[in-house]
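Quick heads-up: it's one chain on its own, the form predicted alone, in structure tokens.
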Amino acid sequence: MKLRDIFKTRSQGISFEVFPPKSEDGKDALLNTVKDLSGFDPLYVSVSYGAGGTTQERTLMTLRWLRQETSLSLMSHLTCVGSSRASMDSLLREFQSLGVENILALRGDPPKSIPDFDPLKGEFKYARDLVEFVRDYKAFSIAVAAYPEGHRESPSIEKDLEYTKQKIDAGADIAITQMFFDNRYYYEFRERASRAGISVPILPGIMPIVDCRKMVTFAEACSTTIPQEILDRMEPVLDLPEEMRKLGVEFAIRQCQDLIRNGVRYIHFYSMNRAETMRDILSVVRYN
């Protein structure tokens, strides 16, 4: 089912993202994770996709497995940096053949293997160019990324919102935020978006902290703030993986409960393929 139809028929719910296994050997583990989480009746499941097409084949493989083994609505990430219109056309036709009706349209990061790569010289300069390209097929619903604290490359919060609105006006049906750990950023972004005339659903993207050291590095790269309160509480359990995971679950539950209390009807989870962690969160976080 397309996103635009899902959000017309369901007034609340959760979705989650998985990433492709590194080889076919990981098929069973991935399918078990998705089937486990399907018990929480997700709106859709999205499959991530590397910059420059670095996981393209694995993403397609994963989508194929999920189409064969589940009845879930699927969405594929799609990055356009460094891609030609011809290669993008071929890929979109393959998505169609797989029955994938939803695309998360992203610019993507320049490939690290090409140090002097200039994304502005490609056939797709920005994510909005990809949105327009996908929109013209009339076969897909489109999601785009949003950044409550601003994209790390944007000159200002105001300019970043302008770019977000351009993507949505180009044809996106929903927006999904980058991870954040202080809900204040999401509420402020939602208010700015409303004032700017953005009316599509904006799903908060929640990423449980299961490894604090890695998350600090990742957050710095994304210009995402981790509150000092969380860092302080994580400090004593940095070398106790299970205790750290449980604390991360606690933080995620608290964050989601606050979102629901404040009228947020849809939540997107970056599952990191961790079924146990997602079960622990979703067994508590429920829409009544």
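Note that residue numbering begins at 1 and tracks the sequence as displayed. From a predicted model like this one, the values you see are computed outputs, not experimental measurements.
Same protein, other form: the form predicted in complex with ligand FAD, not shown, and the subject of what follows.
Stretch-level contact analysis of 94-102, 182-190, 206-214, 145-153 against ligand FAD in the predicted bound form, using heavy atoms and a 4.5 Å limit, identifies 145-153. Across the proposed site, Phe7, Glu69 and Phe140 without exception lack any heavy atom within 4.5 Å of ligand FAD in the predicted bound form. This chain appears without its partner; in the predicted bound form, the one residue of Ser38, Ser48, Thr225, Gln257 with a heavy atom within 4.5 Å of ligand FAD is Ser48. Of the residues Asp109, Glu123, Asp169, Glu132, just one reaches ligand FAD in the predicted bound form with a heavy atom at 4.5 Å or closer; this is Asp109. Taking the partner from the other structure, ligand FAD in the predicted bound form has no heavy atom within 4.5 Å of any heavy atom of Ser73. Heavy atoms of Ile198 never reach within 4.5 Å of ligand FAD in the predicted bound form, leaving it off the interface. At the 4.5 Å threshold, heavy atoms of Ile174 stay clear of ligand FAD in the predicted bound form, well away from it. Taking the partner from the other structure, ligand FAD in the predicted bound form has no heavy atom within 4.5 Å of any heavy atom of Tyr266.
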